[in-house]
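Next up: a single chain in structure tokens, the form predicted on its own.
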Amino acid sequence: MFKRLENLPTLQPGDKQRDLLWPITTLGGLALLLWQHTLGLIILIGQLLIDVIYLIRHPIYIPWREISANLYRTGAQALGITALVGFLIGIVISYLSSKQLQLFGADIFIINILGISIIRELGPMLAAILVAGRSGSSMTAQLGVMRVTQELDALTVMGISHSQRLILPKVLGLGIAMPLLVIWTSAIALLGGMVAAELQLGLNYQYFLTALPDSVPIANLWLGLGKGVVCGMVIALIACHFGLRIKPNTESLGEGTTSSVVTAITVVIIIDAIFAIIFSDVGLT
């Protein structure tokens, strides 16, 4: 019997016999996971709407201090990194565009290119991606740590609503901070583009600032601010959703934070594409 056992084929730990239907099984699992996340987000949004209605009827319970703290953390503390990235992106776009425009003698159109691309697209996108990586991960990690240390359970025992005291201030704070960050990022990016245009093409600062309002319709600015509001609230919702799903262990905390950031950045890009399709004829004429 022992000799027979020695001759039996051994399976390595990672060698599992795969079913022939494994592609369908994998796709089904991913579809179910997507459905669970979508359903969780819908439930979270519904709970937030109920909380908003309750707070409108009882203004004394509005968490002003939490909203102010989130506005400071997600807005004021992000001014430095958004300004740095925006300034460098503005310089790069202006430098590369001026090289091409010089070939056709169309130096003056650098204002149109910078204005439309930065105010309409790059400003909101840069701000949203940076905030998703910076503030979104922070929100998810904060809720995850509260789950690991059982603070969320303590709040439940005391009868304090998670959505009203933790999630709603984050959503409102980021929804207010994002449009302001979009204006800030776009302004700094235009400043970088203006500096590069002056160095590369000799375009005067005063002429750049004078011609910019005529070259870029004001609708582009409102479109960028609208993207900022939507992206900010969506980033906060996704971050809080993944934060509440974290299990009370450190491994789940890392996985949840990573999934939150990746999902938020992906959704931000999808939202930008939807805005580009819906408002394709707005602000370009």
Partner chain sequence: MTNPECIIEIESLSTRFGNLVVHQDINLCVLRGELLTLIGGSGSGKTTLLRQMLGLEQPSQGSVKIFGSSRKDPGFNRQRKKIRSRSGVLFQQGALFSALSVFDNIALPLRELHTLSEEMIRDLVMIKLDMVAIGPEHANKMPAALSGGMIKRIALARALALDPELLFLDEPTAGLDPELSESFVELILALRSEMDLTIVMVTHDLDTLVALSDRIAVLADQQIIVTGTLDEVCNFQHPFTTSFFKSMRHKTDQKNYPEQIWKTVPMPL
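Residue numbers count along the first chain shown, from 1. Everything quoted here is computed from the prediction, not taken from an experiment.
What follows is about the form predicted together with the partner chain, which we do not show.
S.K.: Although the partner isn't part of this model, could you tell me whether residue 222 comes within 4.5 Å of the partner chain in the predicted bound form, counting any heavy atom of the residue?
M.R.: It does not: once the partner chain is placed as it appears in the predicted bound form, residue 222 has no heavy atom within 4.5 Å of it.
S.K.: Since only the chain is shown here, I'm wondering whether residue 107 would be in contact with the partner chain in the predicted bound form (any heavy atom pair within 4.5 Å).
M.R.: Residue 107 lies outside the contact set for the partner chain.
S.K.: Does any part of residue 159 reach within 4.5 Å of the partner chain in the predicted bound form? Heavy atoms only, please.
M.R.: Taking the distances in the predicted bound form, the answer for residue 159 is yes, it comes within 4.5 Å of the partner chain.
S.K.: With a 4.5 Å heavy atom cut-off, would you call residue 153 a contact of the partner chain in the predicted bound form?
M.R.: Heavy-atom contact with the partner chain at 4.5 Å: present for residue 153.
S.K.: Only one of these stretches, 24-32, 58-66, 252-260, 225-233, has heavy atoms within 4.5 Å of the partner chain in the predicted bound form; which one is it?
M.R.: Selected stretch: 58-66.
S.K.: In the predicted bound form, which residues of 127-149 put a heavy atom within 4.5 Å of the partner chain?
M.R.: The stretch touches the partner through 146, 149.
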